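Below, in structure tokens: the form predicted alone, a single chain.
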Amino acid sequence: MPSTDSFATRENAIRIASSDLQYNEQTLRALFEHCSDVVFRSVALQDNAKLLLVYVDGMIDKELVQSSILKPLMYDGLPQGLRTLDSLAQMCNLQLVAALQTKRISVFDEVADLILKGSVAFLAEGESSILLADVSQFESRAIEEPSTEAALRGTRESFTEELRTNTTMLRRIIVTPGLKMESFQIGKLTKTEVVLSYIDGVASPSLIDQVRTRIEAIDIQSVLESGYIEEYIEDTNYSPFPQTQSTERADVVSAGLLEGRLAVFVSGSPIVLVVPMTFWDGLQAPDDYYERFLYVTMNRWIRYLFALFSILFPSIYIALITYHPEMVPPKLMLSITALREQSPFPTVIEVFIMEFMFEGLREAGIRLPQQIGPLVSIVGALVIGQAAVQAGIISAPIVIVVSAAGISSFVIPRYRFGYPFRMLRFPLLLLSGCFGLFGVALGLILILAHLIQLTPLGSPYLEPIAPAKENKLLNVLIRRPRKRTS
């Protein structure tokens, strides 16, 4: 029998279960010391044999344990047709295997991990291995409509925090054994399950190997959201443009997989990553392929124009008013000059003030409770904006310019893709305030140069525009109609 004094000396060694029930119980109690939610429950069976159950209270289905495990063992005896079995664990295994997933493990650390994931551990006298049955039951959020990816047509189901619910939603759409789900455990403390999904034969093997290698190389203490994994997968962390497409819609993930891309699910996160991503993916809406192609093509061009408008309009306004007034119609210029007479700041300072106020109001509207958020936006837009104009702090045209640019950024269908357009507006404002239209042109050239050299996971970010691929180029400009083959 191993001595209890050996616990301390074996603290860092691999701890193996023995045939002594008392030693096994003490080892588990030492592992779960000060864990009040871990339950150790001793059960006496019909033949006075002792059975110890260990589980985390609140993580298991107690009714299932009571009706399918304890009741048969304590009162009903062996099922009909079973002869005397060699061990208690074998009996439990045969009793439970029909309905539950069971494992027999000898390493205590692995036993502790499974207990913490919702399994019940069965320890019996004379057994050198511990039987674990998966009876996990967690409270989870119901499937709801997507909150960040609105669409007029298409599925109303969004992913949840439950990993198996999310993978099941994908399985219901893509019904083929070629849909692969590779599982990884990331995070020394959280041991978060990460699933890499792809369609075998559709996704490039080199791309799969590349993403798999990057996931396996992740060495961190914790993973609380898919954003942790995203930073380890993408190539350039310092780029303002997202290189992985994040979505909460099962149809978007399915479409990505059917195009040969990969999806990364993270347990506890309703956001799924689709890689690699291109610039044009950020400007396409989920229902682009559900509506008639004429409407979609028109809306796609509107998005392109408004995305450009949102990033350029304030800086071009500064450049024209400050450096190139001759390019503005005289009547309009006189009107703007008259409205700016009371303002004490240069135009570029006015725009900066309004941009910061606009971003502050947007952030406050997101962070505040739903009952207060819209109120803050209304108060900020109507009361503060109007009061600032009347007080002469800023001029009315600036309010119009910044508001129009801000509203234009909302046309971008993927909220995260709107971040770089909002952020890059500020350096463009600075350049236009210093150099006029030449500064705006310089800023655009730098942004385009950055986008051209961006190649997440080896895929050019601006493809199929740069480099040009004729067979895919048309799909960026228009949504081609589907045609009958016969």
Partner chain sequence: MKKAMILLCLSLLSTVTGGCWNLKEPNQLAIVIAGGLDANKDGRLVVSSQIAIPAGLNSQSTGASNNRSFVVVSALGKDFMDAGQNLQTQLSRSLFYAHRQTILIGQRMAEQGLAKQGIRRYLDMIVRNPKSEIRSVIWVVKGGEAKDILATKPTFDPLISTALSSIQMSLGMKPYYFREFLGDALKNGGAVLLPAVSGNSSGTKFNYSGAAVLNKENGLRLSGFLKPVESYYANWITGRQKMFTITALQSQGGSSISIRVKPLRNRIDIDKGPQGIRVHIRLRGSGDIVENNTLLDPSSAKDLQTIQNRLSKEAEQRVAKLIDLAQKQYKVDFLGIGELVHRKYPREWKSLQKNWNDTFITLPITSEVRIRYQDPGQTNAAI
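Residue numbers count along the first chain shown, from 1. Quick caveat, the model's predicted, so the values are computed rather than measured.
Note that the form predicted together with the partner chain isn't included here; everything after this is about it.
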Residue stretch of 123 to 131, 306 to 314, 336 to 344, 248 to 256 approaching the partner chain in the predicted complex, non-hydrogen atom distance within 4.5 Å:
336 to 344
Which residue, V43, L64, L448, C434, is the contact with the partner chain in the predicted complex, using a 4.5 Å heavy atom cutoff?
C434
Which one of Q390, S403, S183, T322 is close to the partner chain in the predicted complex, taking close to mean a heavy atom within 4.5 Å?
T322
If we define contact as a non-hydrogen atom of the residue within 4.5 angstroms of the partner, is E326 a contact of the partner chain in the predicted complex?
yes
Though only this chain appears here, would I452 touch the partner chain in the predicted complex if you measure heavy atom gaps against 4.5 Å?
no
Residue contact check: Y419 to the partner chain in the predicted complex, 4.5 Å heavy atom:
no
Can R292 be called a contact residue for the partner chain in the predicted complex at 4.5 Å between heavy atoms?
no
